[in-house]
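So this first bit is one chain, no partners, the form predicted on its own, shown in structure tokens.
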Amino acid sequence: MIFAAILGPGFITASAGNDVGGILQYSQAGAQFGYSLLWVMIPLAIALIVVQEMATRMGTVTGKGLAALVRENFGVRISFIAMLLLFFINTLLTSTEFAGIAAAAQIFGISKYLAVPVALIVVFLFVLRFDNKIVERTFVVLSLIYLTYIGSAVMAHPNWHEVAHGALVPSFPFRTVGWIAAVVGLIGTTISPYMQFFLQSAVVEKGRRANQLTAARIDVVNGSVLAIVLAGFMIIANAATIYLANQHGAHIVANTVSDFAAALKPLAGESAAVIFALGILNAGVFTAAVLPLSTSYIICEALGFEAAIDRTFEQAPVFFSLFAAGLVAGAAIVLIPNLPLLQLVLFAQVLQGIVLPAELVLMLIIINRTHIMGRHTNSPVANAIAWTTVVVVGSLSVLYVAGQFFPRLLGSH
């Protein structure tokens, strides 16, 4: 708890990328492509730091959340469309958290039709009955279980020369829809659109101002680097186990989340599935609790409704209705019979990558207006990195969508 107490919004927000969807996206990347996608994490780390710093700077300088700035600068109509899209994506993301809970329960032999409703009730009571900061810090400490991936990756004895080659020498197999989907998914889960709203609101709530910008920037850099390093070891762990085994004829097809437990076997042996299930369960419950709540805060902030968890339903009906609707809808989707849970999770990450460029454009327009940011507008370097991110992610998204409508345009792997 002492470690968690010194962590700031930057660390907590960056760690949010290591939710159920993030864990599975990184695991899938390693299992399917080996070390060849590691290089993507380096420019992604730079982009993550720049984007997170922008959100932090806007929060400290204006004292307002991103949703409020979007409404003030682009009007209610654009704000409403943005919030509607955010609610849809976040509800889908919430369902992926419940999908993780369902998958973890199945590893323990418990039906998802029992586990998901019980988790829904637990999450609801957690949020309404306990102090949110205590719950958040508890789960952040528990999320350190993912450090086991570092040990597992090392004990799997990866070929470090191939690891270094994968990290430092980029490869661009553009004509494969699977590669493009993996890259867009990695970007989407690492720089999730909701994370910028969440981070800026957290900075404002903590009362940080422009004279504290240096400390806030250090927090952002520390959190981003730690999150990327952890994600990199998840890729290495799966590349050194599942991918390598398949190269030697094992034919491991990762169709369910329990298949990725194999990546922990070098460290945990037969207990790997249990550790993996506990990690997924922890991530699922934590994010399933935080995500709908954050969504309610953001939408109410954008549209001017009362939003506070210590209010009654009569005082903040829209806030509590949005929270309940997002939570119930997310859980209900997972209970649809024969739903391919893994494909649902990976689709949600790709969708985030497709939506990200639009959000970044809004942020870049706001942060470059001197009447809003004064002398704290973007530097040329920050603009160059952010606009490059917009162009690259936007181009890959268009290519991916085109590949869905015209399958012959791209290969399948």
Partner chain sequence: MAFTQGFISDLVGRRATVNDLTIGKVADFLITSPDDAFPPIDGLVIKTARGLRFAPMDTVADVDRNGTVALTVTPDKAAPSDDERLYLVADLLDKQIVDVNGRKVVRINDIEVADTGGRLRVLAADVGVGGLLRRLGLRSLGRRVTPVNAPGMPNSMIAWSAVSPIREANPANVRLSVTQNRLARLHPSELAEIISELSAREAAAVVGQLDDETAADAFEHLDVEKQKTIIGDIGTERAADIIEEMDADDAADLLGELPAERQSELLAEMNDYTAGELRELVKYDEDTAGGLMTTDFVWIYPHRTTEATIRKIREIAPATEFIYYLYVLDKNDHLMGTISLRTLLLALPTAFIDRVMNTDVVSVAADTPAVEVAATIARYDLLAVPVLRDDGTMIGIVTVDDAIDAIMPGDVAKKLPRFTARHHSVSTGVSSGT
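Positions refer to the first chain, counted from 1. Computed from a prediction, not measured in an experiment: that's the story for all the values here.
What follows is about the form predicted in complex with its partner chain, which we do not show.
Listed residues 47, 372, 346, 364 were compared with its partner chain in the model of the complex; 372 is the one with a heavy atom within 4.5 Å. This chain appears without its partner; in the model of the complex, the one residue of 303, 324, 274, 118 with a heavy atom within 4.5 Å of its partner chain is 303. By the criterion of a heavy atom within 4.5 Å, residue 80 is counted among the residues contacting its partner chain in the model of the complex. Contact check for residue 61: a heavy atom falls within 4.5 Å of its partner chain in the model of the complex. When contacts are judged by a 4.5 Å heavy atom cut-off, residue 72 counts as touching its partner chain in the model of the complex. By the criterion of a heavy atom within 4.5 Å, residue 178 is excluded from the residues contacting its partner chain in the model of the complex. Considering its partner chain in the model of the complex, the lone stretch of 184 to 192, 279 to 287, 152 to 160, 295 to 303 in range is 295 to 303 [heavy atom distance within 4.5 Å]. Annotation: in the model of the complex, residues 68, 311 and 317 each come within 4.5 Å of its partner chain through at least one heavy atom.
Taking its partner chain as positioned in the model of the complex, the residues of 191 to 218 that bring a heavy atom within 4.5 Å of it are, in sequence order, 207, 209.
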